[in-house]
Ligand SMILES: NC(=O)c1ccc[n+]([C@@H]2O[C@H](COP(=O)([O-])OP(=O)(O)OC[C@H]3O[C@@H](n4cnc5c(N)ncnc54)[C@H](O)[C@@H]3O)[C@@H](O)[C@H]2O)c1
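The chain below stands alone and is given as structure tokens, in the form predicted on its own.
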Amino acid sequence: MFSVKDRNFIVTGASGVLGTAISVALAKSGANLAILGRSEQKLKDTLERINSFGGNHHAFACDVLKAEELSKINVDILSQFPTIDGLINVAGGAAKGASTKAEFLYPDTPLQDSFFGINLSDFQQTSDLNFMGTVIPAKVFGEAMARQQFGNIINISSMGAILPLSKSPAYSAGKAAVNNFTQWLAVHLSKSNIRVNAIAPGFILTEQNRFLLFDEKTGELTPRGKRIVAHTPLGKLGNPDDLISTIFWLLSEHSSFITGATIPVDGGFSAYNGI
């Protein structure tokens, strides 16, 4: 029902955990991929994994915020793929200085631990990576879809776009912009047979955030991890593979009447207000 065999996709952020999981799932199901990421070594590792399934795959180490880089890569991709069936924008993240140390500003809270101590350069870098890191690939790689008059764009949003995450104003604002942009672009491209949707993952356990969610000595959830699980009706953390079925569904014709939507894959987190 949801075959991607012999279809051609571009995946940004493919050197990260989520991008790798998505790329491996697509390649395993017979898709051809152009994968992009910042870490050349991690990208090579992902390429080696997807090549093991056969198919026509290519890797490009790059910065998704540099349009000129992406334009050159686009030429290479179009020389390999006759059409571009879909773009999956996974690239994102947060710089350390873009977050606050304190959740609330009390009278005795040091100002440097609050919003007023945020590093504005890190704030802009984070908001740009999450928002413009979606806009620029959509503009560069989406043009081929406009010319061929079909295509599919999936943006990776976040729970932070729906409910701002404490201590993470730049990341949350950047992802909220992704949701709004997804709606706008879906309408703009609707007459060209191009659908645009987003997925908002809940709290996904990865190697990068494991130390924040689990105590390394006891293996038990940290206080933050316990708060997250307690606010997730299904009572557990997600894993990268939990996104895969939604990706395949949005890429298929079985979702042909869906565009401009942000689909939560969050264990019910966004539906629960804690009361």
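Residue indices: 1-based, along the sequence shown. Predicted, not measured: the structure shown is a model, and the values here were computed from it.
As for the form predicted in complex with the named molecule, it is not shown, yet the points below apply to it.
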Among 77-85, 122-130, 184-192, 99-107, which stretch has residues with heavy atoms no more than 4.5 Å from the named molecule in the predicted bound form?
122-130
Answer yes if any heavy atom of residue 33 is within 4.5 Å of a heavy atom of the named molecule in the predicted bound form; otherwise answer no.
no
Does any heavy atom of residue 231 come within 4.5 Å of a heavy atom of the named molecule in the predicted bound form?
no
Residue-level contact is defined here as any heavy atom of the residue lying within 4.5 Å of the named molecule in the predicted bound form; does residue 141 satisfy this criterion?
no
So in the predicted bound form, is the named molecule close enough to residue 92 to count as touching (4.5 Å, heavy atoms)?
yes
With the partner left out here, if you bring back the named molecule in the predicted bound form, are 164, 172 and 242 all within 4.5 Å of it by some heavy atom?
no
Stretch 151-172: residues contacting the named molecule in the predicted bound form, 4.5 Å heavy atom cut-off:
156, 157, 158, 171
